[in-house]
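We give structure tokens for two forms of one protein chain below, kept apart as structure 1 and structure 2.
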Structure 1
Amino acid sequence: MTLSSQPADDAEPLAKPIVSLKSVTKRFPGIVANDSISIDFFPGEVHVLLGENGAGKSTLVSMLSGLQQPSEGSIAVDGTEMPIASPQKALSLGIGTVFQHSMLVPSLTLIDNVNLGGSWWKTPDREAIAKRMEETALSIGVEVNPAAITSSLSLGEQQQAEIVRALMRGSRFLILDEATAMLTPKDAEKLGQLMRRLVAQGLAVIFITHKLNEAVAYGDRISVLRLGRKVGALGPDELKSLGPEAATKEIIRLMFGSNGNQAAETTRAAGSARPLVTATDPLLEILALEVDDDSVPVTGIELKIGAGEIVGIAGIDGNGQKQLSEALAGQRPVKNGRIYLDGQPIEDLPIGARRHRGLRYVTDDRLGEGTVGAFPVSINLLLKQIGEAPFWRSGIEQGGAIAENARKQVKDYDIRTPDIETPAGKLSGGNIQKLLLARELTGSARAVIFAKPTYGLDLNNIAASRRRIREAADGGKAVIVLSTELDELIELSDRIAVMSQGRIVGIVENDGDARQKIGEFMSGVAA
């Protein structure tokens, strides 16, 4: 089976589409988020949108919801082309969106949440609202307690309440954005059953998920996005003829590409990437690590990284990667488990002590966490050594030593700054990243954790950051790279661990089948 880069859906229903995208393109500075996408959404269908992080799904949803406007192309509703200029306009057209994270106000009752945005000049008829809520809920087979305080409800119950609210506002085109990401398997199954009831009543549902078993189980039509383009579609007839197993394999091929590993191997052969390293004794060892978190608790993490080895951590954003990296760095307490560096336990040490032992952390939050924007470059380069010799003596700042260090780091790491006294917040994102790399990779670094090291950078700075990561490993450091960019992990890593819902669900050797295997783990196909 061959699908073109912009294929037609295989089974055209008799009904007319509620919403149609015609060659929709959305550009941001330096990036094309959506590239000439055409999709029709029909009543009575669950239309699943699939794609990796950065595939363009969120941008597409933001345009349908009235939060963004297309740079090119058009959106038609009921066959009539019209701009969706605002969220209010989207609601007036019957387009409702339920986001991954609840948009309900936790301290309010469901009645008050439904009434938000209503007429301010008259007292709401709470009894009438409650009655309508109950009737709407009953019509789709769920139960709600209108008087319940929202924070007292489970995530699944809050999601049902948001769907009820959308229907009360006249929604006939419902977008469920990562709707099952935070749900238990039981609640996710309930949502799937609810979607079937909604489309049976004639609604059109867009269901965005990363879980292929859900996509195949609940979807009537599936569109796959990759790098901002629609790369394939499976319609009702094709889904039925293929069956769940073959459909899943075809979706994985579309999502992750068939030649990705060949490209990575070509890159290595060309000398721009390092050969694979097989480590022996671990330099950094993580055993049965648990980290408490209200949204994504981390449990049972087991990893061993040897000197000179790069271990990538893949996964859809929000599956515990941030919690894990911050726990390793000392920014979050460890509930259970051990972290060994050079054979010595460090899980109870504060951030500074871990740094002195040789553990370094390059955060993805360059401005909010990694630097103090108002401080000069020279001080930001020493932000984690404030008060330490030779840069401070008896609490007195040694300006000469600080300046000498800054000039050397600026030169060695090619930090483009007007002056070492320039506030770090005035630098470009790429130069702030160079500053962080300079600070964390110098001195006695033994193990380095990189969180999304190239996020938001241009091509030149991406290449420079990846080169520094390879050099760190070549220098004998143990390296962890957390990234949502699969191509980046394929290029850099010796092994790749896949995280889902706070756990490592698989570890893949970076060989010729890595992309396929990672895709299966990320999509919930492999266990």
Structure 2
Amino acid sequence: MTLSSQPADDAEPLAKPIVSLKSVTKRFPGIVANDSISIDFFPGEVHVLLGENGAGKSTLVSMLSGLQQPSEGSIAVDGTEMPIASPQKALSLGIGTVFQHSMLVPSLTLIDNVNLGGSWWKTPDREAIAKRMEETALSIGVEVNPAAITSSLSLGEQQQAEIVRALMRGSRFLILDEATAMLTPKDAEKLGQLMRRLVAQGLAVIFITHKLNEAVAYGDRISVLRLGRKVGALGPDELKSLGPEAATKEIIRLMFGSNGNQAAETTRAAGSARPLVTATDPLLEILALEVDDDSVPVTGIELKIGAGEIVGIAGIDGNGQKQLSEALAGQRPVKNGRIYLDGQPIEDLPIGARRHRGLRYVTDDRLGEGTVGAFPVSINLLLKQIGEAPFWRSGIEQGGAIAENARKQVKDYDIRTPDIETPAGKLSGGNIQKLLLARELTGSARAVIFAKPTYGLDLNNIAASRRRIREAADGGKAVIVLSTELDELIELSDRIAVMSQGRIVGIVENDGDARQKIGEFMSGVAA
């Protein structure tokens, strides 16, 4: 892995910015999401935007892509001030965006999603588009299935398809809002190299990430946002002279201010941090589980998880993890096999009954199935307990109890929201994730399934979330963590199972050479 930065040295003094933000402010009711931000974006540079959850990165992106208009300030393109009045305008200026949350139409095929925006009177040549799509995907080293219906794909696969689509549109200013959040480290590295190639051709790229190693590896220039303000920037020269390590330190200081130390600690403290737990009687037991699916049917899953044990499930996204976790949670019928929780079969129980038995599922689809965007934060925190005491009595909402619960969880989990009555959909991506964690981890959970529990979180919140997962296990719960991030699994798990094409192809103890063995299982070397 090449983690050295390769900035375009001489580009800076000569080149004029493609896009400049001039004291741009964006207000939403109760919050200033962007506060008088000025940034220049140069051709030939990967410009990394960093900042904790809710810092205002996505808001900035939505103004550049024409979805939002600045409350104050202006945007200049090629030196001329002009409002980016609509997404259409943004596209015609060559600004292509991969948004943080999927912008694909679930009911259409990937081909037709590429076709959105074609001249209405024409008939699309679907075969040619499929071919072009496959070629583009190949050029960045990923695989797509153009004919697949979008909703049948995992979020990671959808994200890859969106990147491919943005490239197919021939943008000269490419914005990637957390585009690596769902990718495996290997695919993320491929995307990094692609960004380097694109800027070498003179494109400008905005790259938003929470992974600082990616930021220093692929970025030419870094701007840091905090509470809506730009609090610092590192130019190409500084990045070069500091070197990756010192640069990372400086960034953390900028991002988190005084409490940055904690985050810095946790980034270094990777590795098997907890004493390994050897399974006692299994608390959660999965026997010969089969789940039907058109694209990735899941077969022959055998897993036993004891109290206090964390089992990681590794694998490239789209290898049946979604199907497996949904079947465990009760959102998808089990075709065959058994699931025991505390010795009781639960595979035929509906979602609510499984929750009552103590099974919890933290979905990775935080907007689609995790929350109801229009409901307030307070209700979303109780979404799976609607109608239950003490929050509802005889069907009547108990405002006091609901608010108290919400205030406590908002505080405990550091959910940044203007108010507990704010609709959940208005929170930043990372804060919605915190809301989900808060909801699923409170109460009498026995077994918890986490799907990509830290995706889209900033360093502090990753550390906090992982701590909570560990605490959950230490409190005697059985824990499954599905993740595409190997580091995360190695940090958390006692054992790691590797999934490939709907099967578990191997289970390893998380000891010294787990990484090696998992790699072998994933690539099919060890079978």
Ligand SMILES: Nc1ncnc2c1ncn2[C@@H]1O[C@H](COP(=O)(O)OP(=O)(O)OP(=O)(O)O)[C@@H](O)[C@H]1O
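A quick note: this is a predicted structure, and the numbers were derived from the prediction, not measured. For numbering, take structure 1's sequence and count from 1. Here the rigid core means the biggest group of C-alpha atoms that line up within 1.5 Å when the two forms are laid on top of each other.
A.B. asks: Only one of the two shown forms is the form predicted together with the named molecule, so please name it by number.
C.D. replies: That would be structure 2, which is the form predicted together with the named molecule.
A.B. asks: Establish whether a shift of 2 Å or more occurs at the C-alpha of Pro70 between the two structures, with the two forms superposed on the rigid core.
C.D. replies: Moves: yes, 2 Å or greater.
A.B. asks: If we fit on the core, is the Cα of Ala447 displaced 2 Å or more between the two structures?
C.D. replies: No, the C-alpha position differs by under 2 Å between the two structures.
A.B. asks: For Thr150, decide whether the Cα shift between the two structures is 2 Å or greater, given a superposition on the rigid core.
C.D. replies: Yes, the C-alpha moves 2 Å or more.
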